[in-house]
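In the form predicted on its own, a lone chain appears below as structure tokens.
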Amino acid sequence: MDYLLSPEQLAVRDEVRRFVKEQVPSRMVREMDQGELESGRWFVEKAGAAGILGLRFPKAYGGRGLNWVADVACMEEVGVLGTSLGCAYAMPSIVGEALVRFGTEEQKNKYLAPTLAGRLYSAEGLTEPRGGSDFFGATTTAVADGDEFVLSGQKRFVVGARDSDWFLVYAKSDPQAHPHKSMSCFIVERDFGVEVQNIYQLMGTRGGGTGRLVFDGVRVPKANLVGELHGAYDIFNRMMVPERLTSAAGALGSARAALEVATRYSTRRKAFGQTINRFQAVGFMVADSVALLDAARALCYVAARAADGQDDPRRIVSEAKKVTTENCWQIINNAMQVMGGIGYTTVYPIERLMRDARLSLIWTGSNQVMNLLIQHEWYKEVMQGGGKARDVEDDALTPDEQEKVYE
């Protein structure tokens, strides 16, 4: 779908593609998956030095001043490496969204600029032991004390917990208020006293140093409050755009990688005297996968355009996350089926991509949560949009208002 990209967008996409091909040793990918390396920091440092982090952000802070369409195209290229490195690459874009839109100039210079340069490593504290999707039911608290806030509580499943320099953390600053007016967002440096108690052993998405953070009376300067006090609702809603759009775009890369491996394999593997790509059963699985991939990519680009031009693109972004991750899961399953038994072994990377892809259906809001948001926004649009388009209900063959009984 190169025709959907401008010359500038194609150029930066190709720049990231070359970086992924030439600057990321396969040995490092293997070591992360095997647990011998528990950090994506090395990748972020390289990407920062190459100037390819936070492409959407202003040049003054180290970005390129590009748009979401370019970002999605580049994120797909990183996605071929799997979800661990994809998440490491996306994190400056995710936490950077909060700082660019809601942060102070001091925060942007102190945290965002060195993060985009790869000198600081960052992570985000959202999920808590008592729940994930129930974000506003968080129990981590932030109590004002003079010129500081005192944070107490826990966050878990934090990618980069092991060695990040700073964390974007949400906490209850007014537990008695309505949930949407009860939370605040903070920049919390590791050196403030954040404790890492556990690094999780994961099915996939390994090597990212995913762990549990403990805040036991951690003191955070008031200067590190992001946005308004008790104003994290607006920040969280905006943060879900990069969270979900980078998840969708990364899944495109993983799906494409698996499909390309299986396609090449099918042109080499012989059975019954011919290569298996000549069998309709195999060819149709490949065709189904190509269609799923193209449909997902098209939706991602539409969502990217919406994110560039709309104040609230959450519905289409949630659709992109849901459809792309589900299509990715199906494409990787098809790739394994094409390859047969050898695809289930570690001789090929299909099994790793499959383990990685399973998480994408869960994180940044499960796909069931995506359905909740999609249906809510769709009902609102339809019910508020009366009169703008033809009402085909009147085109029924035998319209009869007496037969339209609703209760």
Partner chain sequence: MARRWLDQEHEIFREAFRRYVQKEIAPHIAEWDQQGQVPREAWLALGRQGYLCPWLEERYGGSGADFGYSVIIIEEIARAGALSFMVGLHSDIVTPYLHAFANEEQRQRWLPGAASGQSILAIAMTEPDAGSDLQAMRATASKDGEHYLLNGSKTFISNGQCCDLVIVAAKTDLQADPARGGISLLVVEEGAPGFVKGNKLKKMGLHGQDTCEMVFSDCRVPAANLLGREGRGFAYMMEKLQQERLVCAVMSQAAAEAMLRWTVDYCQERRIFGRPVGQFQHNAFKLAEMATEVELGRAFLDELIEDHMAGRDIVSKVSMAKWWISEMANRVAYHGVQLHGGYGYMEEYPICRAYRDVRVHTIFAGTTEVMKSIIAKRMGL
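Residue numbers count along the first chain shown, from 1. Everything numeric here is computed off the predicted structure, so don't read it as measured data.
Only in words, not in the display: the form predicted together with its partner chain, which the text now covers.
> Would you kindly say which of Gly227, Gly118, Gly204, Gly153 lies with a heavy atom within 4.5 Å of its partner chain in the predicted complex?
In short, Gly204.
> Within 4.5 Å of its partner chain in the predicted complex, heavy atoms considered, which of Thr104, Thr141, Asn237, Asn333?
The residue in contact is Asn333.
> Exactly one stretch in 189-197, 287-295, 333-341, 216-224 has heavy atoms within 4.5 Å of its partner chain in the predicted complex; which is it?
Careful reading of the contacts points to 333-341.
> Thinking of Ala271, Thr346 and Ile362 as one candidate spot, does its partner chain come within 4.5 Å of a heavy atom in every one of them in the predicted complex?
The answer is yes; Ala271, Thr346 and Ile362 each reach its partner chain.
> Indicate whether its partner chain has at least one heavy atom within 4.5 Å of a heavy atom of Gly283 in the predicted complex.
It does not: once its partner chain is placed as it appears in the predicted complex, Gly283 has no heavy atom within 4.5 Å of it.
> Look up in the predicted complex whether Pro179 has a non-hydrogen atom within 4.5 angstroms of its partner chain, and give yes or no.
Close contact is absent here: in the predicted complex, Pro179 is far from its partner chain, nothing within 4.5 Å, heavy atoms only.
> Can any non-hydrogen atom of Thr263 be found within 4.5 angstroms of its partner chain in the predicted complex?
Taking the distances in the predicted complex, the answer for Thr263 is no, it never comes within 4.5 Å of its partner chain.
> Looking in the predicted complex, any heavy atom of Glu326 within 4.5 Å of its partner chain?
Within the cut-off, so yes.
> Go through 346-364 residue by residue and record those having a heavy atom within 4.5 Å of its partner chain in the predicted complex; state none if no residue qualifies.
Heavy-atom contacts within 4.5 Å come from Thr346, Glu351, Met354, Arg355, Asp356, Arg358, Leu359, Leu361, Ile362.
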